[in-house]
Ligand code: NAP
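Okay, so here's just one chain, in structure tokens, the form predicted on its own.
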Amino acid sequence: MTISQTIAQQRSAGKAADFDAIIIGGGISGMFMLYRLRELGMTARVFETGTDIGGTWYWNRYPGARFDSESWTYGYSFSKELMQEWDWKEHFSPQPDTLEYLNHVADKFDLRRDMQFRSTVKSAHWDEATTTWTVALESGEQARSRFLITAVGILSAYTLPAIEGRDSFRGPTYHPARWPHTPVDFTGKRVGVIGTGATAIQAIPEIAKQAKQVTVFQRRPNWAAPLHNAKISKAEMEEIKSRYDEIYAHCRQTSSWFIHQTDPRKALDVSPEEREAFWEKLYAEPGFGIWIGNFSDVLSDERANALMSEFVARKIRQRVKDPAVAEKLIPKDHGFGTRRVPLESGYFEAYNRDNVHLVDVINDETIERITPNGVKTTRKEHEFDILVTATGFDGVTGAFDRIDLRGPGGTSLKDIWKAGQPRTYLGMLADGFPNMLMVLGPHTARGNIPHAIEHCVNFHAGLLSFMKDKNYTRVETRPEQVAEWTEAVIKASEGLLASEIDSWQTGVNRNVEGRLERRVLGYNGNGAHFRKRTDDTARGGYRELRFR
């Protein structure tokens, strides 16, 4: 009898199916983790809420959704054959093309046969007696496994606006992270958009091309810089393929897995003319160079950051015709780059259109409530046909909080992390939760996400291989190593201006109860140092962990 037949028999008999590992999430992380587990000869099941693979690129189908990382640095690198057979169409891939790529990967490696869709994990409880995890789905179905692997993503727990009457609007309401699978026709419609974060910055210019009227309710302006996207010709793609080894080797040496590297010079050490010329160059180039390829002091020195912020503010004033609107779009409460910088295509020019109106809900019109007809502010009721709530995500820990995760003795992960900093070793294993492996858990290094994912998955695959060779069945953290890593994570954030700013990266979300205190949720040191640290742990035989 095959493994699949055995599992099917267990399920038909009303028993919990047994696996070596259960993976929560069928996006980029879950797909690659499944691939690696198969290589180890382990039985695995992926539980995914959606109807198919893709994660972020399955859910986020809103107009304008696309990479802000160079496409040719974003894909998987574990298969040279895959890299050579796939052609990226644009330097910054749009959502449909990215989802097509991930479907190609799933088909090529036959991943779906071990994936179960329309399956939302409700809880995962550790059983000390059997040294297993019992996972329960919202459907009531249960499964057991030796290992639990979380591949839930850092931006998957979307949040709705904490506004009175939120559910009373009679027309359709869309959140970018739950966009319909069929196109939304905005032709002739009055559209209200709440929020001006990264998704809204991509969506607003596209919606404005169709809609009769777009009213943007800005709670907090964001810095943004031009994406400068372009098509990739066949000849250019072939040239890129010829350099993949060089490109990916370079990315592994940078601080955040991108092709961009911080300029070693300091903004305050060069002449004003040289500084201005360099910033003009960055502003005209595609990608994140203006953020993470900038002068070395821009993200840590208030004076350097103020100069950079003023440069970008001048660009906004040049691009937005109405001076009053331009001033509203320029952030006053944080400097450029201290929050993740959205890359845009015509966002600021959208406000030059007659059919786009900006409402500053902090200084001009406060939102009182959402009504059946639209949005009521302190000045008037704005009537709409469609509402878009671009109100972001409960970042990093939010997806964990929405699952009832309980370790030995029924200890709740949510309660532990709610009380202070998440406690992990390398962001890979949560303190006090045996056999729970996290892909992109809190306190890992991030940056170019697929590269970070591959690094995490390869670490876990190496750990599981080590345990298999040693005949170990249980792994957990050592308290002293957790304390040391937590201290290192906090220290790496000291001196960064971003650590002093409210954002999803510091754990603040005013749409979520209890999300008002800043925390350190990622490793903000040099990514190359993080990679060396994790590699050294593996080469040293994982002495920092405890096995049975």
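Here the structure is a predicted model, which is why all the values come from computation and not from measurement. Note that residue numbering begins at 1 and tracks the sequence as displayed.
Missing here is the form predicted together with the ligand; even so, the following discussion is about that form.
- Site residues Gly55, Val152 and Asp401 are none of them in contact with the ligand in the model of the complex, judged by any heavy atom within 4.5 Å.
- Among residues of the shown chain, Thr424 is not one whose heavy atoms approach the ligand to within 4.5 Å in the model of the complex.
- Proximity of Ile163 to the ligand in the model of the complex: non-hydrogen atoms within 4.5 Å are present.
- Of the heavy atoms in Glu70, none are within 4.5 Å of the ligand in the model of the complex.
- Put simply, Trp504 is close to the ligand in the model of the complex: some heavy atom of it is within 4.5 Å.
- Here is the short version: of Ala198, Leu387, Leu413, Val214, the single residue with a heavy atom within 4.5 Å of the ligand in the model of the complex is Ala198.
- A single residue from the set Thr477, Gln202, Thr338, Asn448 has any heavy atom within 4.5 angstroms of the ligand in the model of the complex; that residue is Gln202.
- Comment: 58-66 is the region of 37-45, 24-32, 58-66, 485-493 lying near the ligand in the model of the complex, near meaning a non-hydrogen atom within 4.5 Å.
- Along 392-430, these residues reach a heavy atom to within 4.5 Å of the ligand in the model of the complex: Gly392, Phe393.
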